[in-house]
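There is one chain below, alone, in structure tokens, taken in the form predicted on its own.
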Amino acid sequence: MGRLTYPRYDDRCGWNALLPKREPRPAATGEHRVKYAIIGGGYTGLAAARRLHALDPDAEIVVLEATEIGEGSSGRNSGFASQHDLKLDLSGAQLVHADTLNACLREGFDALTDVMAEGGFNCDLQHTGRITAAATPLGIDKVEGMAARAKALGVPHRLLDRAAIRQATGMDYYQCGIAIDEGHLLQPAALIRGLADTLPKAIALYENSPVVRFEAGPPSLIATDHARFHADHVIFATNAAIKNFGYWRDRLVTIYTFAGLTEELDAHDASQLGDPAWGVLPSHRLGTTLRRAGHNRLLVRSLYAYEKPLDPSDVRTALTSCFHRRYPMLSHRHLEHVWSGTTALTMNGAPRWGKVADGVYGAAGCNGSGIVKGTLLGQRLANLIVTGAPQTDVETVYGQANWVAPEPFRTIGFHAISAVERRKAGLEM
């Protein structure tokens, strides 16, 4: 076995555990010469593969996934998908960029729904809107700021008091919130499985094929344990794991997050969860995310860890506490599935993407919004490679990730900032 170049999870993804057993595609073997090689079978990688095939239908395209589809990071998120971003400030320039940004997000979202329609697979996609809730005075200020941005951008929304949040979610925990009409929930493991299993036959997908050696070309050499690929163009769609290949180490931080799904609830207990479908995001970035998962489960996502996972028993205890503090009437219920997942954060919230070296490209740093943004960036990388045309709108609205201090200052800074932010988050954790 070669060196570890990808996040290897010791826990099974709860979303994937809810689905029927799937037979993974065979691992890569042999010697291959291809035009395009994509490392990573998540949202970015699969979107890039599809667009490359559409633009260059006779080309040899290969996708190498280190694990099995559904068990990687793409299947481990909370399943929120949005076509709007309300994190922009209210300056004139940002308002101009907001229209372009939301057009880009719609492009990514539409690409996903087009594949769902063509492939005929189900990932429990629901148009639910989304709620951002506040449990602290600082959180209330942030909700009011989001309302001002929504009004300025013409985004339909409603302010919610405690009673309205209780009616929608069953929680008497938050003081207020804002409900945005735009927003979807989905089953992320079902989505990534569907995207992979409906790839055009001309695209070769290999699972359980982690890359253990890479030499930039062109042509570039990509080696797995049992195969070698020589590729004219390579896309790293590995998020923060691109650092393991020597790229962008000064731009990305790997963050582990943690989630749990309750056991199946009976009709009485499920009735304590409010409306049939909803998702709640915290006003503070270190807060807890919650949503209904199907008809009779609740998902809770919280906790952050720098570069490596936390102790599983500590995670289960902390997530259970988050659940029971919000639903004390369900304190007799437990979390059936608990798992971790990684994301890539950047200092300024912008992704790092584009050309890495001759014939080598990458996209990373979706900052927790990988379903739609990752899809968009994967498509745009394919456009850039095949047409050579600058992707000006994406470059304008996202920019590029800022420099991150080297170790040990990076670790020290992360823990210092996290300690401050946890105190600010307070009851929202």
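Just so it is clear, the structure is predicted and the values come from calculations on it, not from any experiment. Note that residue numbering follows the sequence shown and begins at 1.
This next part talks about the form predicted together with a small molecule, which is not shown.
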(request) May I ask whether L55, L376 and Q391 all come within 4.5 angstroms of the small molecule in the predicted bound form, judged by heavy atoms? (result) no
(request) Could you tell me which one of G177, P282, P351, G79 places a heavy atom within 4.5 Å of the small molecule in the predicted bound form? (result) G79
(request) Work out which of T169, T132, T288, T238 lies within 4.5 Å of the small molecule in the predicted bound form, going by heavy atoms. (result) T238
(request) Determine which one of 140-148, 341-349, 246-254, 155-163 lies within 4.5 Å of the small molecule in the predicted bound form, judging by heavy atom distances; exactly one does. (result) 341-349
(request) Mark G194 yes when one of its heavy atoms lies within 4.5 Å of a heavy atom of the small molecule in the predicted bound form, and no otherwise. (result) no
(message) Since only the chain is shown here, I'm wondering whether G362 would be in contact with the small molecule in the predicted bound form (any heavy atom pair within 4.5 Å).
(response) no
(message) Taking the small molecule as it sits in the predicted bound form, is G399 near enough to touch it, meaning that at least one heavy atom pair lies within 4.5 angstroms?
(response) no
(message) Can you work out whether P309 and the small molecule are in contact in the predicted bound form, taking contact to mean some heavy atom pair no more than 4.5 Å apart?
(response) no
